[in-house]
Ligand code: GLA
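Take a look at this one chain, the form predicted on its own, written out in structure tokens.
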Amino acid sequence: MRLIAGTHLFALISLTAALDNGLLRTPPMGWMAWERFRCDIDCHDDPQNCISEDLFRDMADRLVEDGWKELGYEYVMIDDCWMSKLRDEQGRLQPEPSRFPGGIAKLARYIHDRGLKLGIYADMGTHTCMGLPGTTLDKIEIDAQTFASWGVDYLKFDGCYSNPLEQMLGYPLMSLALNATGRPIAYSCSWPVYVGGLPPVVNYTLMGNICNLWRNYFDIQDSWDSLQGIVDWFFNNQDDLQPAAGPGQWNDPDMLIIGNFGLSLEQSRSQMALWAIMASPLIMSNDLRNLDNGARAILQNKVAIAINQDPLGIQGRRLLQEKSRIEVYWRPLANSASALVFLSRRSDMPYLYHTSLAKLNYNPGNYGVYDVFTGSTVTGLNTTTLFTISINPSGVVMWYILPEHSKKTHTHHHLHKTASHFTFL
């Protein structure tokens, strides 16, 4: 016990420098296996979809060839179920040889050769969530070194089969161990979700010093109900969570499920819009080999991505919850710009919502508006002008807004006047 106490003291003393890795100045973007492919290890009967090196090579190819990489989607992330049930003779984690015959280092080279980055998964308990070897406190250093030697660029560190004391020790120690390898490795911590996600139990100042991003809440499932539950939790607790985010340190409400089975196109736009407002990681978990054009258009929307990747890195907030079940979200952006999202929680029919920028606390003046999902624009929208927008059930209208005095220096947004989507009263 004396050793653990000493280790803990060392970790706390070193925390201020623990994550000076310069990574993830904007939220990470990429693809992850878990939500779509889970722990499918049946490569005999399901070779196309099992967790194997072939799957990750396929997704890397798709990221490059289908235009994802150039938009910023750069991480290919392995989740649980990649490992062998036993460590090797030197005590190192090793991939399951029948599914990763080339090893992780070779897979990393394949991914790096395409200009992408590789993420991997470990768990700081006795076992991973699916029962494979965990990274207990005595294994943290060797596992960090192993990941670095393989060329890993990102670690998701889960917390199944661990207790709060082990988490308090282990998450900072892994941060130190990753930095000590000398390889830049982004660090995703699952710590907050295992202890309830909120202060005072979670110290988000400390979290920002040791992790690049962290999972605050339960796993997303492939459904609108699951997505709404996550959104409600994050915005009901926005006063605690919103200040924790910034360049290099992000709240993570989990993966994008757009392109799977559970969301309509309207709901898919809602997830993209809200994840952009929240400055969330844009980590897709879908089958990029079989993605329909509607989902692709949403996930590749350049303005939604630009809002998400805004260099200020300020997480947005919910402004209003109306009795009509319309909600309004806002995020400040660089160059005096901002983003608004009008979300309908209704399930009946399109709803006509009446408001003005003044009611949403905008400063007096004229503004240009670009509708992110329709591409329609309007200029000269005065703060006091009442307008009406139509919001589809479980859908959004998302606006990028720029003060008129700033527009001359940002002509690339091409805010030309059209009345196609706006009604002024």
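Keep in mind that this is a model prediction, so the values were computed, not measured. One rule holds for the numbers: they count along the sequence shown, beginning at 1.
There is another form of the same protein, the form predicted in complex with alpha-D-galactopyranose; it is not shown, and what comes next is about it.
Engineer: Taking any heavy atom pair closer than or equal to 4.5 Å as contact, tell me whether Y194 reaches alpha-D-galactopyranose in the model of the complex.
Structural biologist: Y194 belongs to the contact set for alpha-D-galactopyranose.
Engineer: Test of understanding: in the model of the complex, would Y367 fall inside 4.5 Å of alpha-D-galactopyranose by heavy atoms?
Structural biologist: Y367: no, not in contact with alpha-D-galactopyranose in the model of the complex.
Engineer: Within 4.5 Å, heavy atoms only: does I326 come near alpha-D-galactopyranose in the model of the complex?
Structural biologist: It does not: once alpha-D-galactopyranose is placed as it appears in the model of the complex, I326 has no heavy atom within 4.5 Å of it.
Engineer: Against alpha-D-galactopyranose in the model of the complex, would D219 count as a contact residue? Criterion: heavy atoms within 4.5 Å.
Structural biologist: Because a heavy atom of D219 falls inside 4.5 Å of alpha-D-galactopyranose in the model of the complex, the answer is yes.
Engineer: Could you spot which one of L173, I258, C129, V231 gets a heavy atom to within 4.5 Å of alpha-D-galactopyranose in the model of the complex?
Structural biologist: After the contact test, the surviving option is C129.
Engineer: Using a 4.5 Å heavy atom cut-off, which residue among D143, D153, D158, D310 comes into contact with alpha-D-galactopyranose in the model of the complex?
Structural biologist: Checked against the cut-off, the match is D158.
Engineer: Out of 92-100, 343-351, 105-113, 74-82, where are the residues with a heavy atom within 4.5 Å of alpha-D-galactopyranose in the model of the complex?
Structural biologist: Every other range fails; the passing one is 74-82.
Engineer: Identify whether alpha-D-galactopyranose in the model of the complex is within 4.5 Å of every residue in the set W34, Y121 and R215, based on non-hydrogen atoms.
Structural biologist: Yes, all three are in contact.
Engineer: Could you list the residues in 44-74 that come within 4.5 Å of alpha-D-galactopyranose in the model of the complex, counting only heavy atoms and keeping sequence order?
Structural biologist: The stretch does not touch the partner at all.
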